[in-house]
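Next comes just one chain, in structure tokens: the form predicted on its own.
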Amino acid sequence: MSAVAAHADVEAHVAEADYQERTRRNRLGLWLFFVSELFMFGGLLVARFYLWRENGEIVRPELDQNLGLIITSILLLSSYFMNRAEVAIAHNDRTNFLVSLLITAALGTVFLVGVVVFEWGAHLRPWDGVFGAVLFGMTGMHALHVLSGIILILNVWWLGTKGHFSAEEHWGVEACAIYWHYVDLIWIFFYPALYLIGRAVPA
């Protein structure tokens, strides 16, 4: 092996080690961010079960059960395509990677439309007592995170079309996927809290 080739090999190993170290730190920072977010989402859940009570009994407003089930299914399906995108780029399958990202963003948008247009367009309003305040607080905060996730996904897609990311270096894709799965996980707790738990009463 020539001196030039040996030097290039050393530089490649150093660059890879540097990338792995930066990824490790970024991953830790992302999970610390998620932990801080849990306090906010947890507080919203506590408010829901504390405020939605009548005579000590847990209650809930009469929400559209079909809508709740449909938008939840759509969001969970979007997680499958987000995972498929991450797996695709890990195998340098750029076509499936880009297509899966677009499908994920589209499903996330459908979820947002279901919440903002149909759920928010129903009979409840933010000023309608504790039912309106808690419903719009929980769904609004979650919708904001879904919207930011869609923006991140589209940014990753745009970078992917420019040739960014590879099987060896795709932390941006991994971070985006973890964020999206986290947002979906939060909804798994929000959905039963809003639509299933407690006796349904007129709002």
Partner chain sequence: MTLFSLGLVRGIIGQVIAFLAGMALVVVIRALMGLPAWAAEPAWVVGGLVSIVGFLVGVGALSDWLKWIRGEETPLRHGPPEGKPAWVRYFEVDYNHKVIGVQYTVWGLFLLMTGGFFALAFRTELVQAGIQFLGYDLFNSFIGLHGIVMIAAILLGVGGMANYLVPLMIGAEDMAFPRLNALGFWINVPGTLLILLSLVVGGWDAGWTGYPPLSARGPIGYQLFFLGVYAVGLSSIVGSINLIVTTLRMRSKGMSLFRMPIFVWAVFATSLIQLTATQLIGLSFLMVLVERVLGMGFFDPGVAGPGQQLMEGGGDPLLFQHLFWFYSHPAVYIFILPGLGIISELLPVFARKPLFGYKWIAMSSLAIALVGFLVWAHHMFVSGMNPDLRIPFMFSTLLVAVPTGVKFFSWVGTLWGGKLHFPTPMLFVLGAISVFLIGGLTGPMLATVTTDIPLHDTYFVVGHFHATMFGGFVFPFFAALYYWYPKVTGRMYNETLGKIHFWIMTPAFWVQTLGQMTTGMMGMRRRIADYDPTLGAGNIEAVHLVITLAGFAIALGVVLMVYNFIQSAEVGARAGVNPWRSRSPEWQIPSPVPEHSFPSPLRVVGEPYDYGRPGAYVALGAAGDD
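From a predicted model like this one, the values you see are computed outputs, not experimental measurements. Positions refer to the first chain, counted from 1.
The same protein also has a form predicted in complex with the partner chain, omitted here; what follows describes it.
S.K.: In the model of the complex, does each of E57, V116 and E119 have a heavy atom within 4.5 Å of the partner chain?
M.R.: No residue of the spot touches the partner chain in the model of the complex.
S.K.: Residue-level contact is defined here as any heavy atom of the residue lying within 4.5 Å of the partner chain in the model of the complex; does V134 satisfy this criterion?
M.R.: Residue-level check for V134: yes, a contact with the partner chain.
S.K.: Using a 4.5 Å heavy atom cut-off, state whether N26 contacts the partner chain in the model of the complex.
M.R.: Contact check for N26: yes, within 4.5 Å of the partner chain in the model of the complex.
S.K.: Are any of the heavy atoms in T161 no more than 4.5 Å from a heavy atom of the partner chain in the model of the complex?
M.R.: No, no contact at 4.5 Å.
S.K.: Verify the contact flag for L44: yes if a non-hydrogen atom of it lies within 4.5 Å of a non-hydrogen atom of the partner chain in the model of the complex, no if not.
M.R.: Taking the distances in the model of the complex, the answer for L44 is yes, it comes within 4.5 Å of the partner chain.
S.K.: Between S166, Q65, S148, N155, only one gets a heavy atom within 4.5 angstroms of the partner chain in the model of the complex; which residue is that?
M.R.: None of the other options qualify; the answer is N155.
S.K.: Within 4.5 Å, heavy atoms only, one stretch in 87 to 95, 70 to 78, 106 to 114, 126 to 134 touches the partner chain in the model of the complex. Which?
M.R.: Checking each option against the 4.5 Å cut-off leaves 126 to 134.
S.K.: Going by the partner chain in the model of the complex, which residues of 28 to 51 come within 4.5 Å of it through any heavy atom?
M.R.: L28, G29, L32, F33, V35, S36, E37, F39, M40, G43, L44, V46, A47, Y50, L51, in sequence order.
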